[in-house]
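Take a look at this single chain in structure tokens; it is the form predicted on its own.
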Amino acid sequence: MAFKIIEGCVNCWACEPLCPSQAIYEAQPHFLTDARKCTECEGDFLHPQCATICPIEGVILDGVGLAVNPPGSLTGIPPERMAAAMAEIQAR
């Protein structure tokens, strides 16, 4: 299976140079993944490089449509606690 980059990608270029199989390419309006090339980093890295560097949570999906970098993966804050955390930050 291959990963898929969906709408929400901001074309930040973080993932493209890290892809060991050169499966990520620039397109409009966001980056895309060539499913024929994507190896999900198997054999190269323990974790998918695109998902570990992506600053936008939830825009990289696995073959069944689940986010490889789900909400909370970047911040470490579970989605159900995000509103409270943001309120606390704004109160400072």
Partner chain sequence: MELKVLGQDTPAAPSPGGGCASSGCGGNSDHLAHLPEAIREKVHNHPCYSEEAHHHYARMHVAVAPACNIQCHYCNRKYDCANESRPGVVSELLTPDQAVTKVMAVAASIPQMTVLGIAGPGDPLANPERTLSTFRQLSEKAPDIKLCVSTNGLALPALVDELCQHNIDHVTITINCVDPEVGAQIYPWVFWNNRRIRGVEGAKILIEQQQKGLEMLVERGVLVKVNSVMIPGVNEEHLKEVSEVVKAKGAFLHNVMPLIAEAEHGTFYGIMGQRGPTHAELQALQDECAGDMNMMRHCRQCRADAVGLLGEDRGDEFTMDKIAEMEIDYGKAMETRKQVHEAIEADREAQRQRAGQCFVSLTELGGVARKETRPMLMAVATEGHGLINQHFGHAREFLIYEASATDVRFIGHRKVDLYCSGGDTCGDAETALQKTIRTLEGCEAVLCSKIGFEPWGMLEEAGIMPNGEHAMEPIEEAVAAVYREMAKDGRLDAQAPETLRMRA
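Numbering follows the first chain given and starts at 1. What we label the rigid core is the largest C-alpha set whose atoms superpose within 1.5 Å from one form to the other. None of these values were measured; they are calculated from a predicted model.
Below, we refer to the form predicted together with its partner chain, which is not included among the displayed structures.
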item: Contact residue in the predicted complex, from 35, 67, 27, 56 (heavy atom within 4.5 Å of its partner chain); value: 56
item: Distance check, residue 61 to its partner chain in the predicted complex, heavy atom within 4.5 Å; value: no
item: In the predicted complex, residue 1 touching its partner chain (heavy atom, 4.5 Å); value: no
item: Touches its partner chain in the predicted complex: residue 85 (any heavy atom, 4.5 Å); value: yes
item: Contact label in the predicted complex: residue 91 to its partner chain, heavy atom within 4.5 Å; value: no
item: Residues in 62 to 92 with any heavy atom within 4.5 Å of its partner chain in the predicted complex; value: 69, 73, 74, 75, 76, 77, 78, 81, 82, 85, 86, 89, 92
item: Residue 11: Cα shift of 2 Å or greater between this form and the one not shown (core-aligned); value: no
item: Core fit, then residue 79 C-alpha moves 2 Å or more between this form and the one not shown; value: yes
item: Closer or farther: C-alpha pair residue 78/residue 46 in the predicted complex, relative to this form, given a change of 3 Å or more; value: farther
item: Closer or farther: C-alpha pair residue 47/residue 81 in the predicted complex, relative to this form, given a change of 3 Å or more; value: farther
